[in-house]
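The data below hold one chain only, encoded as structure tokens and taken in the form predicted alone.
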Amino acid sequence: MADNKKKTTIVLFSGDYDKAMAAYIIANGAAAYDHEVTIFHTFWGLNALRKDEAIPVQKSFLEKMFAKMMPRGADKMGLSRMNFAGVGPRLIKSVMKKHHTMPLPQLIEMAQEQGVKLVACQMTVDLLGLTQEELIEGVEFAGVAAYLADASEGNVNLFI
């Protein structure tokens, strides 16, 4: 019997809090409509998958520099506009709380609960010197060929 489930794939390239939120809102909506959903995290989008705490791992000098420059975890990501040296994210999170909007870390948890496949681009993980231990649990690692295989069957394919 053929699987007739609709498929949605999202490439999350951006490391901006608001853009990552949009990706996860769409992913959760698609999963709620019974789509098979994959989010392929590459480059700065990998920040959404980083753990909040520092994980002691062996790194080269350049890998340590990348790790220090990138936000640690979804809640530390900046806004695409009006970041204002970090004040913008605090303001938007305050407004979100007032309007009972789910923050990004909870959207990520919800996506995992709904079976959304979270994929980290192996090439970018290697380039940025990240390790599996530094990313949240349940993340798969794959290359662009795996993403393209998912996307080729996709009814909805987005790049954020």
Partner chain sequence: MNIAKVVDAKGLSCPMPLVKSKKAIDQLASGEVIEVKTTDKGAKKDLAAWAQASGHQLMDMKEENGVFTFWIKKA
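Just so it is clear, the model here is predicted, and its values are computed rather than measured. Positions refer to the first chain, counted from 1.
Absent from the display: the form predicted in complex with the partner chain. The rest refers to it.
| message | Counting any non-hydrogen atom inside 4.5 Å, which residue from I92, L107, M70, L128 sits next to the partner chain in the predicted bound form? | response | It is L107 that has a heavy atom within 4.5 Å of the partner.
| Listed residue (I55, M123, M65, A32) with a non-hydrogen atom within 4.5 angstroms of the partner chain in the predicted bound form | None of the others qualify; the residue that does is A32.
| message | Counting only non-hydrogen atoms and a 4.5 Å threshold, tell me whether N28, H99 and E113 all contact the partner chain in the predicted bound form. | response | Contact check passed for all of N28, H99 and E113.
| task | Specify the contacting stretch among 33-41, 115-123, 131-139, 55-63, defined as having any heavy atom within 4.5 Å of the partner chain in the predicted bound form. | result | Result of the contact check: 33-41.
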